[in-house]
Structures are given as C-alpha cells and as structure tokens.
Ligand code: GAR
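Presented below, as structure tokens, is a lone chain in the form predicted on its own.
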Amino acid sequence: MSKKIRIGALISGSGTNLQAIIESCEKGKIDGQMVFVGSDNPDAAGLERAAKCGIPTFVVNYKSIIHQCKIASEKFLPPEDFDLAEAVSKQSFFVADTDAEKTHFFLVTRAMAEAELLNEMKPYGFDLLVLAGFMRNLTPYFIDRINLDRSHPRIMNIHPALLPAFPGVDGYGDTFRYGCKVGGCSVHFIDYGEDTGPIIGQRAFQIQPDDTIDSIKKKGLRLEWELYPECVQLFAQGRLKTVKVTYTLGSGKQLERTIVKILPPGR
C-alpha cells in the first residue's frame, strides 16, 4: 500500500471540488488524507463540508485585511520577510506600464494576508496544497514558501476552461460568450501568473446550440469532480515530473516551455 500524502486545501465558496477530493481519499481513490481546509471567506459553505468530515478549518479574512489597509492612517506594514522588489520582478499579474502604486498595494496587502495563511497552515506538515475554488491570486511571497524545491511544485489548481484560453474568474462564462464549440476544465500547477502554470490534465465537452451558461457549467463540474482527484492521485503516486523543454521553430528561433510529464506507474 502506498504511503498516504497529507493534503491541504484553500477554498472561497461551496467546495464541491473539495468534496470530490475528500470522498476520493475516503474511498481509496487517492492515496492521501485531507489535513486542513482554509478560506479567505468566513461564509464559505465548504468550511461546513470540511467540519462535518472532522477536518480542521480556519479563515483568513482577506476583505478585512485589505479594507484596513485602505483606511489606515499610518502606512501598513508587510511581513518582515517580504521583499517588494523581488515580488514585483517575479509576478506577471500586472504589465510593466501598470500604475506602480496599484501594483505595490496589491502585492503588499496580499502578502499580509498570505503571511497569516502560512501561519495557520504551518502546524499541518502538508505535502500538497490544492486550490478548490480559491478566488485569490497567490503572490511570489506565498508560492516561494510552499515550493521550496522549484522542480517539485506543490500547489495545484483547477480552472473552468481549457487553458491557456480564458484565464481568470469566469472560465465557463467566457467560453460560452465567445461562442466556442468545445469547453472544458484544466488542472495545473501554480506559477507567478494568473492561471499560467504548467498543465497536468484537461477534460473537454461539446457545446451544443441549445446549451446555456448554466448547462455548460454543469457539464464542466461533472468533469472537474473526476479530473481533479485523478491529478491529485498522480501526485500522490509520484508520477508528475515538471520539466523544461526547448523547441526550435522553423525560423530558427528557440522556444522554451515548461510541461508536466506523467510517468508510468511504478516509476
């Protein structure tokens, strides 16, 4: 029997993907156990799902932290180990011509919240962190403190679109509004951008002429609940390897990309 990995989760809402992972652990489809569930939203219904399963929960209220920083009469202070210049250079949420004050406020306030997240997560000694509808972009400050080995990323996310198409908060809605004939979902590792990390797995579905946004969301969610646990199990089995691959284009120009290789069982 494989050694079980320790899984932590961050959520913002109902936690249906969280439930799929918890149930897969309980049924032995994932060689793992959920050891904590955290949220940025005190009202997230997924917290109750976790509590019913006896899983420890916590909340770091992002809205409150950001609001306090906006109204603070004195300059708000980031974590002592936060390096603003480093965070700015690594992140790819904002383009170079974005207002510097806006960029700095975002990175500092998120790092303040992330420092609290890290403190809450610290006792659990987790192997993998899954984002199950966590509606906050993670900054380099947080990511670098989880991914201590860059060749072994440990933060996984599910996105409601076939990446790299339609990153952001409304993947299914964007897919529908664009008039796509095919929709889907993607599981990927987190990097410093918005839904730009290397893709682990994808599932697709046909979009019919009579489909609505609601109907394609239902199609997508059914696939999400299958795909996410499968990808978590691949991680638990040690079968995911992140590698950089260089290609030479017809013009002679070289292109480098990061891909996730799925290794055969037993490797």
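Note that residue numbering follows the sequence shown and begins at 1. Fair warning: this is a prediction, and the values are worked out from it, not measured in the lab.
Although it is not shown, the form predicted in complex with ligand GAR is what the next lines describe.
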Does ligand GAR, in the predicted complex, lie within 4.5 angstroms of each residue among 8, 38 and 119, using heavy atoms as the measure?
no
Using a 4.5 Å cut on heavy atoms, which of 132, 113, 143, 163 is close to ligand GAR in the predicted complex?
132
4.5 angstroms heavy atom contact with ligand GAR in the predicted complex for residue 169:
yes
Taking heavy atoms only, is residue 14 within 4.5 angstroms of ligand GAR in the predicted complex?
yes
Does any part of residue 221 reach within 4.5 Å of ligand GAR in the predicted complex? Heavy atoms only, please.
yes
Using the partner position in the predicted complex, report whether residue 158 sits within 4.5 Å of ligand GAR, counting heavy atoms only.
yes
With ligand GAR left out here, work out from 221-229, 60-68, 29-37, 204-212 which stretch has heavy atoms within 4.5 Å of it in the predicted complex.
221-229
